[in-house]
Each structure stands twice: as structure tokens, then as C-alpha cells.
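First comes one chain, alone, set out as C-alpha cells in the form predicted on its own.
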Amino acid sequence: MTSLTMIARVTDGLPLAASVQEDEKSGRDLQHYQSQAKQLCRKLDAQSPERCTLEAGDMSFHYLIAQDVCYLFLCEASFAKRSAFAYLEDLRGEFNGRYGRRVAAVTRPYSFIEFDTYIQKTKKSFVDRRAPRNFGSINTELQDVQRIMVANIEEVLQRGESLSALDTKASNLTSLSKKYRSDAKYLNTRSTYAKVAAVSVFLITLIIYVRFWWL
């Protein structure tokens, strides 16, 4: 499976570690994806969504941000999103434990390139379906992957639209959706009350009619 894992500093996009797995049979231009990954890391800032999925045709970029570090994973779009973010969460915990205090001070790209060994080992355990994983320990925020923002990589890189702006749009759409559901519920409730009232009036009228005209 073609994949790319990159770890970068959010403040300036400086690559800290990376690991590449190329599948020659796939015919994919991995250098193109590497360029996109670097561009994306340079566009991130403090207002960017902490978790996001960016679609790139039959591939997807997944990333999470923690402690001013971006953990990015490029994989086939068919790969389970939950597994992708569980993998990134695993990398986050290990990388932060080893290098967290040194991240702000480094100036050389790929200062922690030796972390590639851990990346490859961990990726294999998540990608290889025969290797059992215990998902019970995954952060509860990963349980509902539907809440993770999804965007298109071309919109972010070519059109220059910031992820924070896309996140704001997504939040606005979510708010409008909630308002629509609330309004629909209110209208449905009013409609139900109107139907009940109409039936009640009919029954009362019928009772009065029967009582005064037939008794």
C-alpha cells in the first residue's frame, strides 16, 4: 500500500520526521503527494482544525495536531478513517514522549529522522489486517470519526483557502442544520397539536349533537 507519514512543526511547517512506503504497481506519483504534504504543513496554524481529512482522488490525507506538532498520514481512501486516526494518535503519544521538549528548539529539517523505525513498525501493525489491535484504549474523541472535518486538498492548496476558514464554514453549516432540525421539529409539533385540536373539536361537537338531538 502506498503511504506517507510526516511529522512537522506547526509554527513554521518544519519537517521533523517522515516515512515513505511506495507501491510501484500502483503507478502513483508519490513525489507529488510529498509536495502536497509539505505545502499543507506550511499552511497550518493555531486556528487550524485539530483533526482533518483532506481528499485527494483515490488517496486521503489525515492529520491531527497536538502540542504544536502535526502528525500527517497519506493513505488509500479506502483505508478506514478510524484506523488512520488511531495510528496517528499512537504516533503522537510516542513522539511527544521522546522529543516533545526538543521540538521548539530544532532548526534542521528531519531532526528526528530516527523515529522512522517506530513509524514503520507501528504502521505495519495498523495496516496489516491480520495483526489484532485493541481499539478499547483509543481516545474517546476518535470514537465518532464523523465529526472530523473533511475537505478537498486542491481547495486548500490551489485556491489558498485556509483550513480555519473551511472549519468555520463547516461549523456554520452544522449550526444551520441544527436550526433547520429544530424548526422542523417545532413545525411538526404544531401540526400535531393542530390535528389533535381538530379531532377534539369534532368529537365535542359530535357529543353535543348526539346529546341534544337524540336524547
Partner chain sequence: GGHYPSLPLGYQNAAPPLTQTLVPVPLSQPLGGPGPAQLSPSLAAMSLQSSTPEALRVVNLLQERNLLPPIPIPPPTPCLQQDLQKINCNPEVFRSTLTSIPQTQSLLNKAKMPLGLLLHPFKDLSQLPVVTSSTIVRCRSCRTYINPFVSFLDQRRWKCNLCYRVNDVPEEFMYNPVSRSYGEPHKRPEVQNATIEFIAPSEYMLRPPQPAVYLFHSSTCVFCQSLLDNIKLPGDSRTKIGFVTFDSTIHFYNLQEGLSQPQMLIVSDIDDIFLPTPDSLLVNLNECKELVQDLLKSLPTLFQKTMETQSALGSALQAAYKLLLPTGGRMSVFQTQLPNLGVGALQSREDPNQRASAKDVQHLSPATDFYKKLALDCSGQQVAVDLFLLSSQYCDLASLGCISRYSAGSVYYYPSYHHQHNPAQVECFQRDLKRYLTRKIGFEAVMRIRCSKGMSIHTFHGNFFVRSTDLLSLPNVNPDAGFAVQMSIEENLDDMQIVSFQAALLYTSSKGERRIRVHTLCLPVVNSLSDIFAGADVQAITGLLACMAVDRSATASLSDARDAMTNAAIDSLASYRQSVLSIQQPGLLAPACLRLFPLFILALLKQKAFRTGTSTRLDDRLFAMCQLKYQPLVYSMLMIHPALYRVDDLSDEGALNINERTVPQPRVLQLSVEKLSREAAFLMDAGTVMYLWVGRSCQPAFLTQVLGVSSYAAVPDNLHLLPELDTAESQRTRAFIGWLRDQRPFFPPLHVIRWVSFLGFIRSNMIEDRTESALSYYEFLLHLQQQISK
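Residue numbers count along the first chain shown, from 1. Keep in mind that this is a model prediction, so the values were computed, not measured.
Below, we refer to the form predicted together with the partner chain, which is not included among the displayed structures.
Ser125 versus the partner chain, in the predicted complex: is there a non-hydrogen atom within 4.5 Å? No - in the predicted complex, heavy atoms of Ser125 and the partner chain never come within 4.5 Å of each other.
Any non-hydrogen atom of Ser78 within 4.5 angstroms of the partner chain in the predicted complex: Output for Ser78 is no: heavy atoms all beyond 4.5 Å of the partner chain.
For Gln31, is any heavy atom within 4.5 Å of the partner chain in the predicted complex, or not? Judged by the heavy-atom cut-off of 4.5 Å, Gln31 is in contact with the partner chain in the predicted complex.
Does at least one non-hydrogen atom of Asp116 fall within 4.5 angstroms of the partner chain in the predicted complex? Yes, contact at 4.5 Å.
Decide yes or no: are Ser3, Thr11 and Cys70 jointly within 4.5 Å of the partner chain in the predicted complex, with each residue judged by its heavy atoms? No, the whole trio is out of contact, none within 4.5 Å by any heavy atom.
Since the partner is left out here, which residues of 92-115 would have a heavy atom within 4.5 Å of the partner chain in the predicted complex? Contacting residues: Thr107, Arg108, Pro109, Tyr110, Ile113, Glu114.
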